[in-house]
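In structure tokens, the next block holds one chain alone, the form predicted on its own.
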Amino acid sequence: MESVPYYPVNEFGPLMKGLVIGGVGIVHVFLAQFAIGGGMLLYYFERLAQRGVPNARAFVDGYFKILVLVSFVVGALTGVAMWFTTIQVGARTIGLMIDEFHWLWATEWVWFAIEITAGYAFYRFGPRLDDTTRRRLLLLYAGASWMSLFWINGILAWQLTPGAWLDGAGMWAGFFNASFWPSLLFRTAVAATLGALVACVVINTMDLDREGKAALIRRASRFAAPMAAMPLLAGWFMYVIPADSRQWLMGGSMPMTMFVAVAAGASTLIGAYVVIGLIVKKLYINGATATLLLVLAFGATAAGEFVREGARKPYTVRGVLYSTSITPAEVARLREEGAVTRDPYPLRDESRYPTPQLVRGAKVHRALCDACHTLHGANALVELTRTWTDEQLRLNVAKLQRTKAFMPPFAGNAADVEALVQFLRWEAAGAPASWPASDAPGTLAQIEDWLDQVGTSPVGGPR
């Protein structure tokens, strides 16, 4: 039997790896969704300009066009940054996604290439083109950007709701999964709203009188109308995700519940102002208020992305791969042979550990913990466990999936548990130059009994 794969890892200091990926991902998603909504809005205003709506052409050929260009360029760069960071933290997850969906991912890249080409072409040659060509070029850009969203959405949604794909139903069953359509429609509504909000900011910078700006703002605000459907789409998404994920988001995990509340609260404030104030009451919105709404939208996007990522726990691919990059079938095997017995990579600072047990504990931490925890920084294990007794720490680690339902089972044996316990205690004590070994047979037997009691199955089911 082949050994469980181990990958070289990078350290991000006090920053939790999930925060690094999350920070890059939030910026990427925000910019990419604005690029989609901005492209749609450019096409809409181009149609208005060709129908004789005053100042619509100036809007299309002005600062808003540059913002859309900057958005998809920076969005592309942050997309590359996402690849760079995720392959250092979740190489096995990325490998599985590419293996399963490589042709669909290639299709997404083709649409993205069309988007880039059409966007640059309009930026460079737009003012010299006739109306029909301008309209077609913008339609191509807007359509290609949305198709890029279409393909990437299916792959990301598969991570949470693979559904019949788990039973061998094939690639398309995984792609058109239960959360595909609510996610796609929700992101489309978000993209349109972001385009409208940025447009309101840009219109306030144009050299127009108040009435001229108000007329354009009324047109742009119509693009945010899909926000009215977002509560229904969010409810649809919550309905189709696994029951345990839904429970964690709705109170089972307070951090996730808080992110849900932030996303829902910010979206409600934006939606109420846009739908009631701008669309129904036709109020004027100045640049400061439009910018504030845009900042709220960024906060809602950030919280929403944390919710999407957190809902998958304890998996990176539901039912297939844990957040530790270990499969459920491999956990039982590692319970027998040890978590790091076959780990080929030395510790960068191995000489600082005074005993072989602490070296082993550091490797166990690297293999099973540091995807979601640091030692002394964000979500620090040393601080989370500082007030526990040794017995509590041993019990909680051994019964990890019962301690925290969104964590995977401990993929190691009793000696690994004790090595991790001693490593955390040594770090909490300030890393002294000497540390007694802890390998009493009674202690290891008790840990082994706890591991046997809890088994290797997660709390949540695979679907």
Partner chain sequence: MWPFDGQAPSLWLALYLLTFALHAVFVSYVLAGTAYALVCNDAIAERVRDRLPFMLGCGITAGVAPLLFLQLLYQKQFYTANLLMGPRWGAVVPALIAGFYALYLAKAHVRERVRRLALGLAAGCFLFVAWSWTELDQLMQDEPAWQAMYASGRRIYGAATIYPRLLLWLGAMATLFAIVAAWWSTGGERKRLAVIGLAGRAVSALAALWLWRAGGTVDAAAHGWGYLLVAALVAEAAGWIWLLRSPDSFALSLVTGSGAAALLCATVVREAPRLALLDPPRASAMEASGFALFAITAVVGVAAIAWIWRAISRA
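Being a predicted model, the structure only gives us computed values, none of them experimental. Numbering follows the first chain given and starts at 1.
Although not depicted, the form predicted together with its partner chain is the subject of the following passage.
Here the marked residues Ile114, Leu129 and Tyr345 all reach its partner chain in the model of the complex, each with a heavy atom within 4.5 angstroms. In the model of the complex, its partner chain sits within 4.5 Å of a heavy atom belonging to His102. In the model of the complex, its partner chain sits beyond 4.5 Å of every heavy atom of Tyr353. Although the partner is absent here, Arg366 sits close enough that one of its heavy atoms falls within 4.5 Å of its partner chain in the model of the complex. Residue contact with its partner chain in the model of the complex: Leu69 places a heavy atom within 4.5 Å of it. The stretch among 378-386, 220-228, 72-80, 234-242 whose residues place heavy atoms within 4.5 Å of its partner chain in the model of the complex is 72-80. The single contact residue among Thr133, Thr257, Thr327, Asn286, judged by any heavy atom lying within 4.5 Å of its partner chain in the model of the complex, is Thr133. The single contact residue among Leu137, Ala303, Ala178, Leu160, judged by any heavy atom lying within 4.5 Å of its partner chain in the model of the complex, is Leu137. Shown here without its partner chain, the chain has Ile94, Gly95, Ile98, Asp99, Glu100, His102, Trp103, Leu104, Trp105, Ala106, Thr107, Trp109, Val110, Trp111, Phe112, Ala113, Ile114, Ile116, Thr117, Ala118, Tyr120, Ala121, Tyr123, Arg124, Phe125 in 93-127 lying with a heavy atom within 4.5 Å of that partner in the model of the complex. Pairwise change in the model of the complex: Lys213 and Phe64 C-alpha atoms lie farther apart than in the shown form, at least 3 Å. Compared with the form shown, the Thr268-Val68 C-alpha separation increases in the model of the complex, the change being 3 Å or greater.
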